[in-house]
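Quick heads-up: it's one chain on its own, the form predicted alone, in structure tokens.
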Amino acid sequence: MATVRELLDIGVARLRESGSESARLDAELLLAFALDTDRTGVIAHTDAPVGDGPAARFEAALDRRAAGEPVAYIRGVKEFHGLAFGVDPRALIPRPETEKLVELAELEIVRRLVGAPRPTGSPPLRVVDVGVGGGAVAVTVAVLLRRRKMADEVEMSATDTSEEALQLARENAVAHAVGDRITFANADLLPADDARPWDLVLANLPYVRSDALPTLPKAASFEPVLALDGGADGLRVIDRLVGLLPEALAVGGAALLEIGGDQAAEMRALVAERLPGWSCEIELDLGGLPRVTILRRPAR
């Protein structure tokens, strides 16, 4: 019977040979998955024997990873902003960079609810997550608002063109007990309704340039191409959303749009052309790269 250490050594060697750039981490996560434990348990008990069943599950997981499948899809879960999200090929795997979008969204909502007095009887803030995918952004924001006891002060919606992605987002919302706090709609960008304008628009839309798709890590080929392909300049879908904001965003409202790390100049030019007079700031992620564009509609 092999030990944890022996299986890890086999797994690391196998994944390195297949081209994995994170062979050690991948092997630890997949062995933890096979053993129904966490990575800490694997690292802390390297001399423990591993039964035939878990060893076979580990080997099968290694086969899938060696073929390029993302670890998150194999495990069926991905951690994001301290929460565990169910993931599968219905939607893009949440990236750490997107946590910046969530942080800024929380700050924006808190600023609007706490930073300035609101008249008694004011309607809830209207917030929409455009292109919700598996729900990481909308669900995390809803959880954060619940923790702050602000959930009743925000009306949150989420849209996607993929009904399969929306179903995954619904599942994640229910898993985190915010299924009743988010209205999901199958829509091309913004939902078609006659309600009052949105106070805050959030979006992590496709922004990879079409000609860059073949250069992405092999794992990305397992994800929905529509969630990645942003057209020739990477801003095709974002440009469409920006064009809707004059009608959709409330006076004094804001839109937080995730972009690629090399798209700051193009984004500023797009906003200057499409939204003259609007404020445009670009926040950096932890890696120091441009990540979130903050657009503010002037207050009359």
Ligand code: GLN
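All values reported here derive from a predicted model rather than from experimental measurement. Don't overthink the numbering: it's just position in the shown sequence, from 1.
Although not depicted, the form predicted together with the named molecule is the subject of the following passage.
Within this chain, residue 227 lines the site of the named molecule in the predicted complex, having a heavy atom no more than 4.5 Å away. In the predicted complex, no heavy atom of residue 118 sits within 4.5 Å of the named molecule. Contact annotation for residue 92: at least one heavy atom lies within 4.5 Å of the named molecule in the predicted complex. Taking the partner from the other structure, the named molecule in the predicted complex has a heavy atom within 4.5 Å of a heavy atom of residue 204. From the list 100-108, 143-151, 206-214, 175-183, the contact stretch for the named molecule in the predicted complex under a 4.5 Å heavy atom rule is 206-214.
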